[in-house]
Ligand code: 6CS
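Given as structure tokens, the chain that follows is alone and in the form predicted on its own.
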Amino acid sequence: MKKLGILAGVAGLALTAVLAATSAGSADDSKLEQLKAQGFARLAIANEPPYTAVAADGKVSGAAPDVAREIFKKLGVADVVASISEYGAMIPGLQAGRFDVVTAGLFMKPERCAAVAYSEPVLCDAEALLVKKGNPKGFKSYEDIAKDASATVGAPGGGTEEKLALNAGVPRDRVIVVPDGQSGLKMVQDGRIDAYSLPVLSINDLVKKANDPNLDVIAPVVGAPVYCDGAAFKKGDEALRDAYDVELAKMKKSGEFAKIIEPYGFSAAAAMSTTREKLCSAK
């Protein structure tokens, strides 16, 4: 009888585990159905062209939202709506359920991969520095900024560039958090910072629009890695992420992916040359 009781207890625990797994799977699978029912997916973006942009009329564009919009349409979700967020607030907002996905040039790194469920790579880029004409302080790297005791660099709060500068030894009080690209450009023009750092394509977009001959772009930043982003989903939404990946792979194979991102200056080949697994395990 005692043995039967033990077996019954083990069977009960196994049944509980199966029911729990089934429940989790059902919750996971239901996310796409929820988005279909509400008719849109909520995106977190940074308003950083050409990755993301919001026009005066509120229309969301940019390479990352354009890819997301097409994929969600293929999944039966009619549209996307976007909220502008600082990079440092994107993952907490996603985890808190304020967004359904982050599509904002949020580059894959091991610590981020541990916090969110990334899609396969979408957009890849290197780092750049915006400086005054002639690069008067001779910056080629973040280490060069660190070595100059009077030099300051601006970067998005919580973004890759802020971390790269700090890791290179630039003191916290000389890394200036800048809310957006236009502010960073203006701060360089006014001499309030010596350099402003963003991905190459973002810096080039700012300079093109500014049409200011008194600015130079230093790219790529020496020693800085090339990064790729992906659509970032909340942990627990892996079924939605997997469905997204299926459509993304189809678009890459058909050439539709290249037609969306390459007019913005991004390389489809770069995104197709690596994987989430490689990027998430990179040191």
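Residues carry their position along the shown sequence, with the first being 1. This is a predicted model, so every value here is computed, not measured.
One more form of this protein should be noted, the form predicted together with this ligand, which is absent from this view; the next part is about it.
Site residues I45, P65 and F233 are none of them in contact with this ligand in the predicted bound form, judged by any heavy atom within 4.5 Å. Within 4.5 Å of some heavy atom of this ligand in the predicted bound form lies at least one heavy atom of P156. In the predicted bound form, this ligand lies within 4.5 Å of some heavy atom of T160. Under a 4.5 angstroms non-hydrogen atom cutoff, this ligand in the predicted bound form lacks G184 among its neighbouring residues.
Taking non-hydrogen atoms only, Y244 never approaches this ligand to within 4.5 angstroms in the predicted bound form. Only one listed stretch (167 to 175, 209 to 217, 76 to 84, 194 to 202) carries heavy atoms within 4.5 Å of this ligand in the predicted bound form, and that stretch is 194 to 202. Shown here without this ligand, the chain has A104, G105, L106, F107, R112 in 96 to 119 lying with a heavy atom within 4.5 Å of that partner in the predicted bound form.
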